[in-house]
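Okay, here we've got a single chain as structure tokens, the form predicted alone, with questions on binding and movement later.
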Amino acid sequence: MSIAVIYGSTRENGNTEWLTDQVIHGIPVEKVYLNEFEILPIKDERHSEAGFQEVFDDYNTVLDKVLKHDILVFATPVYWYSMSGTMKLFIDRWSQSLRDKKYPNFRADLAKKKAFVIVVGGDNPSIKALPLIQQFKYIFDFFGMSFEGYLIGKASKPGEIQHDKKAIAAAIHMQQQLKEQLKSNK
């Protein structure tokens, strides 16, 4: 059993990363910072005769890193009541992977994954981030992934998350969940 953490923030050492690091403290994970890669927007060619054309960016590199793990933790700040554009670009490209001959079992491979979501926002996120959580749930349901849990933190300015005691307590709980997942699947 192994874990990949997919960071969707564009800010280094931001609130989302800090909260996520509380969750994964002491747990071996592969960290994937989407902002370190060039992932181009999807060009929807599903219905063209030639289908999707190859895109020359880092998407496949990132996807290969992610697919080798059993548990995926998606960590994103709340941007305009949704996931970050960086995260959205990555997930949008899954439509292309569904038809990519390099990934013939893409849907089945994702169906074997367990997923967690960590989000941080500043505008009443315990309510206003729920549509984002629902969006992730629909994505996971589409692929048959097991949605294991989510965590919502409240922060806007750098460092504010460290004052969200409720989120920190929830992070400790999610950390235990991850440890139990790893232990039960050895």
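On a predicted model such as this, the values are computed, not experimentally measured, just so you know. In case it trips you up, residue 1 is the first one in the sequence shown, and so on.
Absent from the display: the form predicted together with another copy of the chain. The rest refers to it.
Between another copy of the chain and the residues 55, 27, 130, 67, the one pair within 4.5 Å by heavy atoms in the predicted complex involves 130. Though the partner is left out of this view, residue 89 does reach within 4.5 Å of another copy of the chain in the predicted complex, counting heavy atoms only. The closest non-hydrogen atom of residue 44 lies within 4.5 Å of another copy of the chain in the predicted complex. Put simply, residue 158 is close to another copy of the chain in the predicted complex: some heavy atom of it is within 4.5 Å.
Although the partner is absent here, residue 103 lies well away from another copy of the chain in the predicted complex, with no heavy atom inside 4.5 Å. If you take 60 to 91 and check each residue for a heavy atom within 4.5 Å of another copy of the chain in the predicted complex, you get 79, 80, 81, 82, 83, 84, 85, 86, 88, 89, 91, in sequence order.
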